[in-house]
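Coming up is one lone chain in structure tokens, specifically the form predicted alone.
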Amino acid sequence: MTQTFTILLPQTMLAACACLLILGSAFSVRPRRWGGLALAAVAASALCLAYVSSFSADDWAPDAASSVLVDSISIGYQWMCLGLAALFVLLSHEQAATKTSAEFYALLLFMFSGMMLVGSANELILIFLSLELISVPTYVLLYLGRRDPRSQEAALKYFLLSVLSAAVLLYGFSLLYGLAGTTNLDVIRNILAETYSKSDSAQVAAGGSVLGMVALVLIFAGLGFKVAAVPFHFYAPDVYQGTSAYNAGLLAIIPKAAGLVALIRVASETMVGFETSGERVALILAGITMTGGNCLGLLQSNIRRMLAYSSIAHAGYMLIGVAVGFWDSWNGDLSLDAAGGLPGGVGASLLYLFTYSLATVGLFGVLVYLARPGGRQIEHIDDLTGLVRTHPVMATCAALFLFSLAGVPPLPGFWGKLAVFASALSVRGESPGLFVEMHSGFMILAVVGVLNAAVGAVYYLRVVALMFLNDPVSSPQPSGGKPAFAAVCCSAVLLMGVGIFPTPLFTYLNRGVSQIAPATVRSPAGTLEPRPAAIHGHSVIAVQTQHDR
């Protein structure tokens, strides 16, 4: 119990500070001061995370049934969450300057507490509660953003569809519990490895039972809503357009990051025996998601609606790495080497998530800063015409963020796209091809991804051209404030730093993902045998497969 509390100390600190802010709202305090207190709460959580990070994996007592985990990936993901939290607190300086300022920051801290908890959860119930800790404050924040009918319609639409997706996800979790008889992810992995191990190295992974297949599909559907993957994306364009730029930025990052990490933990790493089915589902979703998002993004004139379709397309790129992760879980020793030390599979998806989040928070920060007095938002792409002549710093930063999302080297977005495409091309086919031993499905997906990257660059570069090649229509005074300006500049500096020096990030992801060992290994005879594996920093007790029995 003490160990569990220590691991959850950063999330507990954020949640406790959020409760104090709600209690403090009963007192008469200047609204803008709550932002400083929220930033102090993020700093306190960062100190707690630094304390947790100081321990090595050997310092934690081995416990295969633990509800929480500590590994390099979870620690790095939580640092990313805290960095995003600090940036969003700075961006909210003007939006939160109301009589509900304390409640606003409390809800924001609750959201990031849930986001961090997803990365530490090693249990189905805890993952579900973490996702709900993100969703419930989001409903309120969407309503607080703008009070016009369109905003209220967007909040109601997101609420209803989010509740539906939560029910679908919970049903999928319950079926997975019925299949394994436990909710602990490590134990589920071992039980499924025992049940669905393959006896011949030439065979593909077992297809699994019908019950498990239904559970897998429902989990993909429930978490597909979080990451805004087609066909679970239909809420995103209307909600992004109806709410404020700040709230749209929250929706573009927090649910997507938490949903992707939950999908990797529950499906890609845990559902042993369902790799072939999961790989196919992820392949299909990745292809239609990035194609649908980019093609529809070309048609948009509303800036937030365009960014909604952009976020849908980027979810498709992330799912490429998830699909490779399913294949790696049984065939990782057969994959071709990725060039340049790039992470493959799950690591590529996480790299893409980081680069996408960094560029997206900065781009929405530009829109928050440029909001007109009185809360009037930047609505149309044409509102940014000639921005370089009226606000050159903001125009330069916006161009960097757009170039990164488009995948222009050497910005981080380029490394993210290169990693997911390289991971797809590193997958071998079941039969050697004419020239190279590549998996035909993944090779086609990589080609589709490259074509989609070119299509997506069109609407990004269109915005850049309007900002730099046209004369401004007007020069309104922005109302975002100095904290928002600082947040945008910090995002731009981090973006350039990661783009120019990406090697430490590659090394960290490769080392972190290598801790997640498959539940079985190939014996010299070609069969699969269980072994003790260092999974998530814990020593997992091996199970005996039916084949060995």
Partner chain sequence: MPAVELDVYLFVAAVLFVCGAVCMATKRNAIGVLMGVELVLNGANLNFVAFARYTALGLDGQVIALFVIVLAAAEAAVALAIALSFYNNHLTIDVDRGNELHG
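Positions refer to the first chain, counted from 1. Predicted model, so just to flag it, every value in this text is computed and none were measured.
One more form of this protein exists, namely the form predicted in complex with the partner chain; it is left out here, but the text below deals with it.
- When the partner chain is considered in the model of the complex, Ser174 lines it closely, a heavy atom lying within 4.5 Å.
- At a distance threshold of 4.5 angstroms between non-hydrogen atoms, Arg389 is out of contact with the partner chain in the model of the complex.
- The partner chain is not shown here, but in the model of the complex it comes within 4.5 Å of a heavy atom of Gln152.
- Shown alone here, Tyr143 lies within 4.5 Å of the partner chain in the model of the complex, counting heavy atoms only.
- Of the residues given (Val393, Leu298, Ile284, Leu164), Leu164 alone sits with a heavy atom within 4.5 Å of the partner chain in the model of the complex.
- Only one of the listed residues (Thr195, Ser479, Ser72, Thr182) places a non-hydrogen atom within 4.5 angstroms of the partner chain in the model of the complex, and that residue is Thr182.
- Picking from 114 to 122, 166 to 174, 381 to 389, 270 to 278 the stretch near the partner chain in the model of the complex, with a 4.5 Å limit on heavy atoms, gives 166 to 174.
- Shown here without the partner chain, the chain has Asp238, Gln241, Gly242 in 221 to 258 lying with a heavy atom within 4.5 Å of that partner in the model of the complex.
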